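First, one chain by itself: the form predicted on its own, in C-alpha coordinates.
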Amino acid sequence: MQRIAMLGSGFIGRFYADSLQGQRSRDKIVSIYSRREESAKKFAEDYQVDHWTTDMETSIAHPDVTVVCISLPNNLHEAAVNLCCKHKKAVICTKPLGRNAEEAKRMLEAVEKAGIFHGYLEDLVYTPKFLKALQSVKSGALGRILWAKSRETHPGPHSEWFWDKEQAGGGCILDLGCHCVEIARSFIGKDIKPVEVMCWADTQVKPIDAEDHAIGLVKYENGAIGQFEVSWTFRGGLDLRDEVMGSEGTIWLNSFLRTGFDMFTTGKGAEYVAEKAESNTGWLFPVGDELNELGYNHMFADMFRAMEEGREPAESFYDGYVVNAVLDAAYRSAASKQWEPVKLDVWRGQEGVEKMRPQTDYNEQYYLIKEETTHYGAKKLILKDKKTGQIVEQTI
(Lines give C-alpha, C1' and ligand atoms only; values in the text may rest on other atoms or scores of the structure.)
Protein backbone atom coordinates (compact mmCIF):
# COMPACT_ATOMS: atom_id res chain seq x y z
CA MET A 1 0.00 0.00 0.00
CA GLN A 2 1.28 3.45 -0.93
CA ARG A 3 0.41 6.49 1.15
CA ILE A 4 0.38 9.55 -1.03
CA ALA A 5 0.89 13.27 -0.53
CA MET A 6 -1.02 15.00 -3.31
CA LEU A 7 0.43 18.38 -4.19
CA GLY A 8 -2.31 20.30 -5.97
CA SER A 9 -6.06 20.10 -5.58
CA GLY A 10 -7.14 21.23 -9.05
CA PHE A 11 -8.24 19.52 -12.25
CA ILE A 12 -5.37 17.04 -12.68
CA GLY A 13 -5.02 16.39 -8.96
CA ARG A 14 -8.65 15.33 -8.80
CA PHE A 15 -8.27 13.12 -11.88
CA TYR A 16 -5.30 11.46 -10.19
CA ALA A 17 -7.23 11.07 -6.94
CA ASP A 18 -10.18 9.47 -8.73
CA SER A 19 -7.82 6.90 -10.18
CA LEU A 20 -5.73 6.35 -7.06
CA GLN A 21 -8.69 5.78 -4.76
CA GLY A 22 -11.19 4.37 -7.25
CA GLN A 23 -12.32 0.76 -7.59
CA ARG A 24 -11.62 0.07 -3.87
CA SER A 25 -7.90 0.74 -4.35
CA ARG A 26 -5.59 -0.14 -1.47
CA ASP A 27 -3.52 3.03 -2.09
CA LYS A 28 -4.57 6.12 -0.14
CA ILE A 29 -4.01 9.86 -0.24
CA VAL A 30 -3.03 10.78 3.32
CA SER A 31 -2.09 14.44 2.82
CA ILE A 32 -3.27 17.18 0.46
CA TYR A 33 -1.38 20.42 -0.18
CA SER A 34 -3.04 23.34 -1.93
CA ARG A 35 -2.07 26.98 -2.19
CA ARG A 36 -5.60 27.97 -1.12
CA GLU A 37 -7.04 26.86 2.19
CA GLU A 38 -10.58 26.45 0.89
CA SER A 39 -9.35 24.21 -1.93
CA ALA A 40 -7.32 22.04 0.43
CA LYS A 41 -10.28 21.64 2.78
CA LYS A 42 -12.69 20.79 -0.05
CA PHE A 43 -10.31 18.19 -1.51
CA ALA A 44 -9.79 16.63 1.93
CA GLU A 45 -13.54 16.42 2.41
CA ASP A 46 -14.25 14.97 -1.05
CA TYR A 47 -11.55 12.29 -0.85
CA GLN A 48 -11.57 11.59 2.91
CA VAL A 49 -8.02 12.83 3.42
CA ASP A 50 -7.09 13.24 7.08
CA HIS A 51 -4.36 15.85 6.65
CA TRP A 52 -4.52 19.07 4.65
CA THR A 53 -2.14 22.01 4.55
CA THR A 54 -1.18 25.16 2.63
CA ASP A 55 2.51 24.50 3.31
CA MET A 56 4.09 22.26 0.68
CA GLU A 57 6.98 21.03 2.81
CA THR A 58 4.66 20.02 5.64
CA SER A 59 2.75 17.72 3.28
CA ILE A 60 5.89 16.20 1.79
CA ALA A 61 7.51 15.66 5.21
CA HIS A 62 4.38 14.10 6.75
CA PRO A 63 5.54 10.89 8.48
CA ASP A 64 2.82 8.74 6.91
CA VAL A 65 3.72 9.73 3.33
CA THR A 66 5.61 7.17 1.20
CA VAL A 67 5.29 8.87 -2.20
CA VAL A 68 4.63 12.43 -3.34
CA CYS A 69 2.45 13.11 -6.39
CA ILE A 70 3.09 16.50 -8.01
CA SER A 71 0.03 17.90 -9.78
CA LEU A 72 1.05 21.55 -9.63
CA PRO A 73 1.58 24.31 -12.21
CA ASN A 74 4.76 23.82 -14.23
CA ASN A 75 6.71 26.59 -12.51
CA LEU A 76 6.35 24.83 -9.13
CA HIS A 77 7.63 21.39 -10.17
CA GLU A 78 11.29 21.99 -9.44
CA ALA A 79 10.72 23.39 -5.94
CA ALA A 80 8.50 20.41 -5.09
CA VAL A 81 11.06 17.93 -6.44
CA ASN A 82 13.84 19.53 -4.41
CA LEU A 83 11.76 19.19 -1.24
CA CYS A 84 11.16 15.52 -2.04
CA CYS A 85 14.92 15.08 -2.36
CA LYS A 86 15.47 16.88 0.94
CA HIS A 87 13.07 14.55 2.76
CA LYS A 88 14.04 11.43 0.76
CA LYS A 89 10.50 10.83 -0.49
CA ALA A 90 9.68 8.97 -3.68
CA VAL A 91 8.23 11.37 -6.25
CA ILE A 92 5.97 11.08 -9.27
CA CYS A 93 5.39 14.21 -11.34
CA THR A 94 2.79 15.25 -13.87
CA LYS A 95 3.78 16.26 -17.39
CA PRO A 96 5.70 18.19 -18.65
CA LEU A 97 8.54 17.57 -16.21
CA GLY A 98 9.96 21.07 -16.65
CA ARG A 99 9.30 24.29 -18.49
CA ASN A 100 12.44 23.56 -20.50
CA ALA A 101 15.19 20.95 -20.72
CA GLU A 102 17.55 22.75 -18.37
CA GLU A 103 14.91 22.75 -15.62
CA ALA A 104 14.11 19.09 -16.30
CA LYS A 105 17.80 18.18 -16.24
CA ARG A 106 18.23 19.78 -12.82
CA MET A 107 15.30 17.74 -11.49
CA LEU A 108 16.69 14.53 -13.00
CA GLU A 109 20.11 15.15 -11.47
CA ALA A 110 18.55 16.02 -8.09
CA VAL A 111 16.49 12.82 -7.74
CA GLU A 112 19.36 10.63 -8.92
CA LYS A 113 21.77 12.29 -6.49
CA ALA A 114 19.25 11.84 -3.68
CA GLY A 115 18.72 8.21 -4.66
CA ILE A 116 14.94 8.44 -4.59
CA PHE A 117 12.35 6.80 -6.84
CA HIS A 118 11.11 9.06 -9.63
CA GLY A 119 8.29 8.58 -12.12
CA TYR A 120 7.07 10.74 -14.98
CA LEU A 121 3.25 10.76 -15.19
CA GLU A 122 2.80 10.61 -18.97
CA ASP A 123 -0.62 8.98 -18.94
CA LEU A 124 -1.16 8.73 -22.70
CA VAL A 125 1.54 6.08 -23.09
CA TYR A 126 -0.42 3.95 -20.62
CA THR A 127 -3.81 3.90 -22.35
CA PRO A 128 -5.11 0.40 -23.12
CA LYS A 129 -5.15 1.11 -26.87
CA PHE A 130 -1.61 2.46 -26.83
CA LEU A 131 -0.26 -0.46 -24.80
CA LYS A 132 -1.84 -2.95 -27.20
CA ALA A 133 -0.47 -1.05 -30.20
CA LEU A 134 3.00 -0.84 -28.66
CA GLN A 135 2.96 -4.58 -28.04
CA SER A 136 2.21 -5.14 -31.74
CA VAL A 137 5.01 -2.79 -32.76
CA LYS A 138 7.53 -4.47 -30.46
CA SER A 139 6.53 -7.90 -31.76
CA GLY A 140 7.43 -6.79 -35.28
CA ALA A 141 3.90 -6.78 -36.69
CA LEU A 142 4.56 -3.45 -38.46
CA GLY A 143 8.14 -4.16 -39.50
CA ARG A 144 10.51 -1.19 -39.38
CA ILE A 145 8.75 1.87 -37.95
CA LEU A 146 9.05 4.70 -40.45
CA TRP A 147 6.58 7.31 -39.20
CA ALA A 148 4.70 7.90 -35.96
CA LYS A 149 2.16 10.69 -35.74
CA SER A 150 0.26 11.91 -32.69
CA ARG A 151 -2.45 14.56 -32.45
CA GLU A 152 -3.95 16.22 -29.40
CA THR A 153 -6.26 19.17 -29.92
CA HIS A 154 -9.00 20.80 -27.84
CA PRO A 155 -10.42 24.26 -27.01
CA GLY A 156 -7.80 24.93 -24.34
CA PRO A 157 -6.83 24.02 -20.76
CA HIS A 158 -8.90 24.55 -17.63
CA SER A 159 -6.81 26.68 -15.25
CA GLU A 160 -5.57 30.25 -15.55
CA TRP A 161 -1.89 29.45 -15.09
CA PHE A 162 -1.74 27.46 -18.36
CA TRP A 163 -2.41 30.68 -20.26
CA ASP A 164 0.46 32.54 -18.56
CA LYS A 165 3.66 31.92 -20.52
CA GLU A 166 5.92 32.49 -17.52
CA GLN A 167 4.15 30.04 -15.24
CA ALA A 168 3.51 27.41 -17.92
CA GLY A 169 6.75 27.80 -19.88
CA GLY A 170 4.96 27.85 -23.23
CA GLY A 171 1.66 27.18 -24.92
CA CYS A 172 0.16 24.16 -26.61
CA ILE A 173 3.56 22.81 -27.73
CA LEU A 174 4.61 22.27 -24.13
CA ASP A 175 1.16 21.37 -22.80
CA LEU A 176 0.13 18.90 -25.50
CA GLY A 177 3.31 18.26 -27.48
CA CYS A 178 4.85 16.52 -24.47
CA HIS A 179 2.21 13.77 -24.88
CA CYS A 180 2.66 13.52 -28.63
CA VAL A 181 6.46 13.43 -28.61
CA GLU A 182 6.57 10.63 -26.05
CA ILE A 183 3.94 8.61 -27.91
CA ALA A 184 5.90 8.82 -31.17
CA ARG A 185 9.20 8.25 -29.38
CA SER A 186 7.82 5.09 -27.78
CA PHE A 187 6.70 3.66 -31.13
CA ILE A 188 9.98 4.53 -32.88
CA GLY A 189 12.10 3.32 -29.96
CA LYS A 190 13.07 5.27 -26.87
CA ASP A 191 16.70 4.20 -27.37
CA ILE A 192 16.78 5.91 -30.81
CA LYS A 193 18.07 9.46 -30.54
CA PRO A 194 15.88 12.36 -31.71
CA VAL A 195 18.29 14.54 -33.67
CA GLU A 196 16.46 17.57 -35.10
CA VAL A 197 13.07 19.27 -35.26
CA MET A 198 11.15 21.39 -37.76
CA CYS A 199 8.16 23.20 -36.26
CA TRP A 200 5.54 25.76 -37.27
CA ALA A 201 3.68 27.54 -34.49
CA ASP A 202 1.41 30.56 -34.27
CA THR A 203 -1.11 32.32 -32.04
CA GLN A 204 -4.24 32.16 -34.16
CA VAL A 205 -7.22 32.62 -31.83
CA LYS A 206 -6.44 33.14 -28.14
CA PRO A 207 -5.33 36.58 -26.79
CA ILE A 208 -2.17 35.16 -25.19
CA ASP A 209 1.61 35.51 -25.55
CA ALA A 210 2.21 31.81 -26.17
CA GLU A 211 1.32 29.71 -29.22
CA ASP A 212 -2.15 28.15 -29.50
CA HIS A 213 -1.51 25.93 -32.57
CA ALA A 214 1.56 24.05 -33.81
CA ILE A 215 2.71 21.27 -36.12
CA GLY A 216 6.13 19.68 -35.89
CA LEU A 217 8.39 17.01 -37.34
CA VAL A 218 10.99 15.20 -35.24
CA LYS A 219 13.76 13.41 -37.14
CA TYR A 220 15.35 10.38 -35.47
CA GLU A 221 18.86 9.05 -35.98
CA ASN A 222 17.64 5.90 -37.75
CA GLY A 223 15.69 7.96 -40.32
CA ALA A 224 12.24 7.58 -38.74
CA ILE A 225 10.00 10.63 -38.44
CA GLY A 226 7.81 11.60 -35.51
CA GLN A 227 5.04 14.12 -36.13
CA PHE A 228 2.92 16.13 -33.71
CA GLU A 229 -0.21 18.21 -34.24
CA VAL A 230 -1.32 20.26 -31.24
CA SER A 231 -3.89 23.00 -30.77
CA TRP A 232 -5.84 24.97 -28.20
CA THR A 233 -8.07 26.27 -31.02
CA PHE A 234 -9.84 23.03 -32.02
CA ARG A 235 -13.61 23.10 -31.58
CA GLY A 236 -15.51 19.95 -30.77
CA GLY A 237 -13.94 18.53 -27.61
CA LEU A 238 -10.80 16.52 -26.98
CA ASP A 239 -9.32 14.88 -30.08
CA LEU A 240 -6.67 12.24 -29.37
CA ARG A 241 -5.41 10.29 -32.38
CA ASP A 242 -2.23 8.37 -33.18
CA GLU A 243 -0.94 6.75 -36.36
CA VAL A 244 2.01 4.41 -36.78
CA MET A 245 3.33 3.34 -40.17
CA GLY A 246 5.88 0.61 -40.65
CA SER A 247 7.37 -1.28 -43.57
CA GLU A 248 4.91 -4.12 -42.95
CA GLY A 249 1.80 -2.46 -41.56
CA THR A 250 -0.12 0.47 -40.11
CA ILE A 251 -1.98 1.24 -36.87
CA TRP A 252 -4.61 3.96 -36.39
CA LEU A 253 -5.75 4.84 -32.89
CA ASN A 254 -8.65 7.11 -31.94
CA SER A 255 -8.77 7.46 -28.18
CA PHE A 256 -11.51 9.96 -27.43
CA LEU A 257 -13.89 11.51 -29.96
CA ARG A 258 -14.77 8.17 -31.57
CA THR A 259 -15.18 5.74 -28.71
CA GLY A 260 -18.05 3.61 -29.98
CA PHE A 261 -20.41 5.42 -27.57
CA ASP A 262 -22.63 7.98 -29.37
CA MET A 263 -25.56 9.70 -27.69
CA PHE A 264 -28.09 12.35 -28.70
CA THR A 265 -29.85 14.51 -26.11
CA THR A 266 -31.85 17.73 -26.06
CA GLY A 267 -30.03 18.66 -22.86
CA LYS A 268 -32.76 17.70 -20.43
CA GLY A 269 -31.07 16.35 -17.32
CA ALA A 270 -27.71 17.47 -18.75
CA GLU A 271 -24.57 16.33 -16.96
CA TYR A 272 -20.82 15.86 -17.46
CA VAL A 273 -20.03 14.08 -20.74
CA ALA A 274 -16.23 13.81 -21.07
CA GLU A 275 -13.11 15.88 -20.54
CA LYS A 276 -13.20 19.13 -22.57
CA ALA A 277 -16.57 18.32 -24.15
CA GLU A 278 -17.92 21.64 -25.40
CA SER A 279 -21.61 20.85 -25.17
CA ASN A 280 -24.09 18.64 -23.36
CA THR A 281 -26.75 18.79 -26.08
CA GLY A 282 -27.04 17.30 -29.55
CA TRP A 283 -24.89 14.37 -30.65
CA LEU A 284 -22.33 13.62 -27.94
CA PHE A 285 -19.45 11.18 -27.57
CA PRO A 286 -19.23 10.06 -23.92
CA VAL A 287 -16.36 7.95 -22.62
CA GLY A 288 -17.28 4.80 -20.74
CA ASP A 289 -14.34 4.75 -18.32
CA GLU A 290 -12.45 7.99 -18.69
CA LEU A 291 -9.78 7.20 -16.09
CA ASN A 292 -8.94 3.93 -17.79
CA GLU A 293 -9.16 5.23 -21.36
CA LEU A 294 -6.76 8.07 -20.51
CA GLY A 295 -4.24 5.66 -18.99
CA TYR A 296 -4.32 6.78 -15.35
CA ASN A 297 -5.05 3.36 -13.87
CA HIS A 298 -2.28 1.56 -15.77
CA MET A 299 0.11 4.44 -15.10
CA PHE A 300 -0.23 4.39 -11.33
CA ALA A 301 -0.14 0.59 -11.27
CA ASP A 302 3.19 0.67 -13.10
CA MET A 303 4.57 3.40 -10.82
CA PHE A 304 3.72 1.63 -7.58
CA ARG A 305 4.73 -1.83 -8.80
CA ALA A 306 8.07 -0.38 -9.89
CA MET A 307 8.56 1.13 -6.44
CA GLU A 308 7.80 -2.17 -4.74
CA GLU A 309 9.95 -4.19 -7.15
CA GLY A 310 12.93 -1.83 -6.94
CA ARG A 311 12.96 -1.03 -10.65
CA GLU A 312 12.44 2.01 -12.85
CA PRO A 313 8.92 2.64 -14.13
CA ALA A 314 8.25 2.71 -17.87
CA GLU A 315 8.37 6.52 -17.64
CA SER A 316 11.00 8.17 -15.44
CA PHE A 317 12.32 11.71 -15.02
CA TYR A 318 14.87 10.84 -17.71
CA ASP A 319 12.06 10.43 -20.23
CA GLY A 320 10.60 13.74 -19.15
CA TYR A 321 13.99 15.37 -19.72
CA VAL A 322 14.30 13.95 -23.26
CA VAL A 323 10.80 15.19 -24.11
CA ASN A 324 11.65 18.67 -22.83
CA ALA A 325 14.80 18.70 -24.98
CA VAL A 326 12.78 17.84 -28.09
CA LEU A 327 10.23 20.56 -27.31
CA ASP A 328 13.01 23.12 -26.75
CA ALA A 329 14.18 22.36 -30.30
CA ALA A 330 10.60 22.79 -31.53
CA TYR A 331 10.42 26.27 -30.01
CA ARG A 332 13.77 27.22 -31.54
CA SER A 333 12.59 25.95 -34.93
CA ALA A 334 9.30 27.84 -34.73
CA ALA A 335 11.35 31.01 -34.23
CA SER A 336 14.09 30.34 -36.82
CA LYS A 337 11.85 28.57 -39.38
CA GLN A 338 14.65 26.04 -39.88
CA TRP A 339 15.52 22.52 -38.71
CA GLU A 340 16.98 22.84 -35.21
CA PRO A 341 19.13 20.23 -33.43
CA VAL A 342 17.92 18.46 -30.31
CA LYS A 343 20.42 19.29 -27.56
CA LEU A 344 20.76 16.34 -25.20
CA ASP A 345 23.43 16.74 -22.53
CA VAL A 346 22.32 13.39 -21.12
CA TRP A 347 21.67 10.55 -23.58
CA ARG A 348 21.35 6.93 -22.44
CA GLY A 349 20.25 5.25 -25.66
CA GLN A 350 22.07 3.91 -28.69
CA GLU A 351 24.83 5.92 -30.33
CA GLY A 352 25.68 6.15 -34.03
CA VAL A 353 22.61 4.27 -35.29
CA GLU A 354 22.69 3.93 -39.06
CA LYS A 355 19.77 5.12 -41.16
CA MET A 356 17.36 2.34 -42.02
CA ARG A 357 18.27 0.47 -45.21
CA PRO A 358 15.42 0.96 -47.73
CA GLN A 359 16.24 -1.95 -50.05
CA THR A 360 14.34 -5.23 -49.80
CA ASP A 361 15.99 -8.13 -51.60
CA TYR A 362 13.84 -10.00 -54.10
CA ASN A 363 16.61 -12.21 -55.44
CA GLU A 364 20.29 -11.92 -56.32
CA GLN A 365 19.55 -9.57 -59.24
CA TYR A 366 16.69 -7.40 -58.01
CA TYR A 367 15.41 -5.34 -55.13
CA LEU A 368 11.65 -5.50 -54.59
CA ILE A 369 9.82 -2.16 -54.91
CA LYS A 370 6.22 -3.39 -54.92
CA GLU A 371 4.20 -6.56 -55.24
CA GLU A 372 0.45 -6.60 -55.98
CA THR A 373 -2.38 -8.64 -57.41
CA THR A 374 -4.31 -6.81 -60.13
CA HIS A 375 -8.07 -6.65 -60.58
CA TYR A 376 -7.76 -9.14 -63.43
CA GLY A 377 -5.97 -11.71 -61.28
CA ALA A 378 -2.36 -11.28 -62.40
CA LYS A 379 0.47 -10.91 -59.90
CA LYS A 380 2.63 -7.90 -60.72
CA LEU A 381 6.14 -7.13 -59.48
CA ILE A 382 7.99 -3.81 -59.65
CA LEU A 383 11.73 -4.48 -59.31
CA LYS A 384 15.01 -2.57 -59.36
CA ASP A 385 18.17 -4.05 -60.83
CA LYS A 386 20.89 -4.01 -58.18
CA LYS A 387 23.69 -3.29 -60.64
CA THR A 388 22.15 -0.99 -63.25
CA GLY A 389 19.46 0.69 -61.18
CA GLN A 390 16.89 0.01 -63.92
CA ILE A 391 13.25 -0.26 -62.81
CA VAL A 392 11.44 -3.21 -64.41
CA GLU A 393 7.97 -4.70 -64.28
CA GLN A 394 7.21 -8.38 -64.28
CA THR A 395 3.87 -10.22 -64.38
CA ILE A 396 3.89 -13.73 -63.02
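Bear in mind that the values here come from a model prediction, so they are computed numbers and not experimental data. One rule holds for the numbers: they count along the sequence shown, beginning at 1.
Not on display, but discussed next: the form predicted in complex with another copy of the chain.
K.L.:
Report the stretch among 318 to 326, 86 to 94, 160 to 168, 115 to 123 that approaches another copy of the chain in the predicted bound form to within 4.5 Å, counting heavy atoms only.
P.N.:
Comparing against another copy of the chain in the predicted bound form, the contact stretch is 160 to 168.
K.L.:
Is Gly156 one of the residues lying within 4.5 Å of another copy of the chain in the predicted bound form, judged by heavy atom distances?
P.N.:
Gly156 belongs to the contact set for another copy of the chain.
K.L.:
Do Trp52 and another copy of the chain come within 4.5 Å of each other in the predicted bound form, heavy atoms counted?
P.N.:
Residue-level check for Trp52: no, no contact with another copy of the chain.
K.L.:
I'd like to check something about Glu221: if you look in the predicted bound form, is any of its heavy atoms closer than or equal to 4.5 Å to a heavy atom of another copy of the chain?
P.N.:
The answer is no: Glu221 has no heavy atom within 4.5 Å of another copy of the chain.
K.L.:
Is there a heavy atom of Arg24 no more than 4.5 Å from a heavy atom of another copy of the chain in the predicted bound form?
P.N.:
Output for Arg24 is yes: heavy atoms within 4.5 Å of another copy of the chain.
K.L.:
Looking at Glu312, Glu102, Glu109, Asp262, which has any heavy atom no more than 4.5 Å from another copy of the chain in the predicted bound form?
P.N.:
Only one option qualifies, and that one is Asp262.
K.L.:
Of the options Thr58, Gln350, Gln359, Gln365, which one has a non-hydrogen atom that comes within 4.5 Å of another copy of the chain in the predicted bound form?
P.N.:
After the contact test, the surviving option is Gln359.
K.L.:
Within 243 to 260, which residues come within 4.5 Å of another copy of the chain in the predicted bound form, counting heavy atoms only?
P.N.:
Stretch hits, in order: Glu243, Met245, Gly246, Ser247, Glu248, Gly249, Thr250, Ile251, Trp252, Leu253, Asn254, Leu257, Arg258, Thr259, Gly260.
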